[in-house]
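Here we start with a single chain on its own, the form predicted on its own, put down as structure tokens.
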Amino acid sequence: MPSLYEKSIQIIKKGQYESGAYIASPNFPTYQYCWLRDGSFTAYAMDRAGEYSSADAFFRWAGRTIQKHSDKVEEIEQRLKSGLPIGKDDVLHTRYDLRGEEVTVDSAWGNFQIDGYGTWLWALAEHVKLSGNEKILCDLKESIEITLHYLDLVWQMPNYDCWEEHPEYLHAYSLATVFAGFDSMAMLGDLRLISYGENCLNDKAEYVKGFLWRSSVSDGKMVKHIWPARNDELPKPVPHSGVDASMIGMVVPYKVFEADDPVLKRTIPCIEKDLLRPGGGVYRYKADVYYGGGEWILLTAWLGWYYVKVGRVTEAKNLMRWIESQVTPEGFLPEQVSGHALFPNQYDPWLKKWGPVASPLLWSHAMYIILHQEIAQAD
């Protein structure tokens, strides 16, 4: 019997199509597409596992897809210059079919999500570091430049968060990915691996970081949502939005702030207090009703990743063991487990709408691989 680590690699390989796209979940109809967010983390996991060709194929698929729809970036720029509104389908989409075409089956889907594009740039930079394949940067030069320009145009515009909710706000996590996108490409520029105004990218990264400092901190802690600038009103935190487990990304992997930063030292304990079930896994946020609001495999691995980075390896191992205890008889890691749901009465409505919880979720398996690698390197 293969270990869960080996099984996870197999599941990801099986879920990668000839195009290079990773399907989010092969057995869940609503997720039979490729999200840049999920795919980028999955590619990073494959890089950590030494499966460089798999990651390479994904980055090239994403690059082709971005180029294919690049006319939208030019249109957005013209609309902004002319003061014209930008509609929900004028932006680059968050998910594509496995050929790289836009998904139009659900016209109400929240397509405007910027975090996947920042994450793609960050993960691509990590791929170069881990694989040593610098040639891919030349091959994807145009796609990289399109993505950087797109993020520069839209990052201060209200958009959907990483859970595809709250399009009325800006989001701390999403802005962290924008910082990481600018910062990772600036570092490659410093190494003379790309030529896209390195100093300019450094300035952009620092500006986004400063924006986060000014706009997402309330009572000494970070909150998940930011009220965007309107008229003469400056951006400001939305205190009642509280914390979100994805905000672990501020430290790992995006490195917006160091782990010993006072704001983060107040924020992480709030995540632990509000969202970590004792002896169990991690919830997304306190008001989560999706499938009743269960514990998410990928977020549990993410917290374990953070624990390793700050030297709390025993706690990371405990979380990894909990993840391993959630494997289905088929050897799958689902998106979430619902035995201790926050709102159990909300489980059945989602079950009737979309069927059982997504399983396997490639992102869950990817985060398990990352956590497994982090712990192995720490031991």
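Note that residue numbering begins at 1 and tracks the sequence as displayed. Note that the structure is a prediction, hence the values are computed from the model and not measured.
Below, we turn to the form predicted together with beta-D-glucopyranose (BGC), even though it does not appear here.
* Asked: Is every one of 196, 201 and 204 within 4.5 Å of beta-D-glucopyranose (BGC) in the predicted bound form, counting heavy atoms?
  -> Not a single listed residue reaches beta-D-glucopyranose (BGC) in the predicted bound form, so no.
* To do: Work out which of the listed stretches, 97-105, 159-167, 254-262, 67-75, brings a heavy atom within 4.5 angstroms of beta-D-glucopyranose (BGC) in the predicted bound form.
  => Flagged stretch: 159-167.
* **Residue (of 296, 155, 302, 112) lying close to beta-D-glucopyranose (BGC) in the predicted bound form, criterion heavy atoms within 4.5 Å** => Contact with beta-D-glucopyranose (BGC) in the predicted bound form is made by 296 alone.
* May I ask you to choose, among 21, 370, 9, 24, the residue with a heavy atom within 4.5 Å of beta-D-glucopyranose (BGC) in the predicted bound form? => For this set of options, the contacting one is 24.
* Does residue 366 reach beta-D-glucopyranose (BGC) in the predicted bound form, with heavy atoms at most 4.5 Å apart? -> No.
* To do: Indicate whether residue 290 is a 4.5 Å heavy atom neighbour of beta-D-glucopyranose (BGC) in the predicted bound form.
  => Judged by the heavy-atom cut-off of 4.5 Å, residue 290 is in contact with beta-D-glucopyranose (BGC) in the predicted bound form.
* Is there a heavy atom of residue 31 lying 4.5 Å or less from a heavy atom of beta-D-glucopyranose (BGC) in the predicted bound form? -> Yes.
* According to a 4.5 angstroms non-hydrogen atom cut-off, is residue 47 in contact with beta-D-glucopyranose (BGC) in the predicted bound form? -> No, residue 47 stays farther than 4.5 Å from beta-D-glucopyranose (BGC) in the predicted bound form.
* To do: Any residue of 30-67 with a heavy atom within 4.5 Å of beta-D-glucopyranose (BGC) in the predicted bound form counts; write them all down in order.
  => Sequence-ordered list: 31, 35, 37, 38.
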